[in-house]
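This document starts with one chain, in the form predicted alone, laid out as structure tokens.
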Amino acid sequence: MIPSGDHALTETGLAPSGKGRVLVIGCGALAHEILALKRANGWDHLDLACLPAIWHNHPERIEPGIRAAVAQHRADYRTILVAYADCGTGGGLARLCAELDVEMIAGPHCYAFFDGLDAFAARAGDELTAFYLTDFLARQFDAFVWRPLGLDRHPELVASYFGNYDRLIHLAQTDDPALDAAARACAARLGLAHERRVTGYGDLARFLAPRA
């Protein structure tokens, strides 16, 4: 279960142990996808530690969290990868990763690297009025969108928050009818048209793959 509060992810048998050659310090919103890639590809070179997914609502916490996690685990791993994009840090996370000599995945946010940076950039002008969901956000819409915006208490604010959007685009990592239905329901709650785009894991898979 990916936490929605201020707690790091713990996966039995998959918590950082120092046994893998590479540690991925990732956003909790990517935990399901990272573990799926690890299992599907037999990537035994990877261990995973996740920081709280809810920090996307508090991006000022991301840099201190990464700094602390790298300090905690650096002695146990030959390589540390940071599975965060910029995620609202205004370039600060990239500067921190350069300072710490760890590699982070490129991109402004996970929507871009799931879609592929070039493809996302090429469509940007046509999708200025699109609101994006990943599989994670389709699962966790209430915890990460509806309640943090206060829409559970004041649903009349939907028009204020989303009145300038015309569609919801579900960037689907998996072919899951239940998630498709969840994304359609989210679009209906926001009063937006629904569009589904199957991206798979995009640049995340290439970032995690074994290096030569």
Partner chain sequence: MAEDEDELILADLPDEELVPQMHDDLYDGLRDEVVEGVEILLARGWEPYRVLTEALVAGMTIVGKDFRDGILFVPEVLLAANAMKAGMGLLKPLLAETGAPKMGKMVIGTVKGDIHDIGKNLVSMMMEGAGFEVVDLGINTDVDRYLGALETEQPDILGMSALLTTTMPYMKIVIDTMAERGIRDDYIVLVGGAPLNEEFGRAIGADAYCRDAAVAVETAKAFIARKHNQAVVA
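Given the structure is predicted, the values throughout are model-derived calculations rather than measurements. Positions refer to the first chain, counted from 1.
Below, we refer to the form predicted together with its partner chain, which is not included among the displayed structures.
Among residues of the shown chain, residue 165 is one whose heavy atoms approach its partner chain to within 4.5 Å in the model of the complex. Residue contact check for residue 95: one or more of its heavy atoms lie within 4.5 Å of its partner chain in the model of the complex. Using a 4.5 angstroms limit between non-hydrogen atoms, residue 149 touches its partner chain in the model of the complex. Using a 4.5 Å cutoff between non-hydrogen atoms, residue 88 counts as a contact of its partner chain in the model of the complex.
This chain is displayed without its partner chain, yet in the model of the complex the stretch 55-63 from 55-63, 183-191, 36-44, 168-176 comes within 4.5 Å of it by heavy atoms.
With the partner omitted from this view, the residue of 71, 128, 106, 122 that lies near its partner chain in the model of the complex is 128 [heavy atom within 4.5 Å]. Within 4.5 angstroms of its partner chain in the model of the complex, the stretch 64-82 places no non-hydrogen atom at all.
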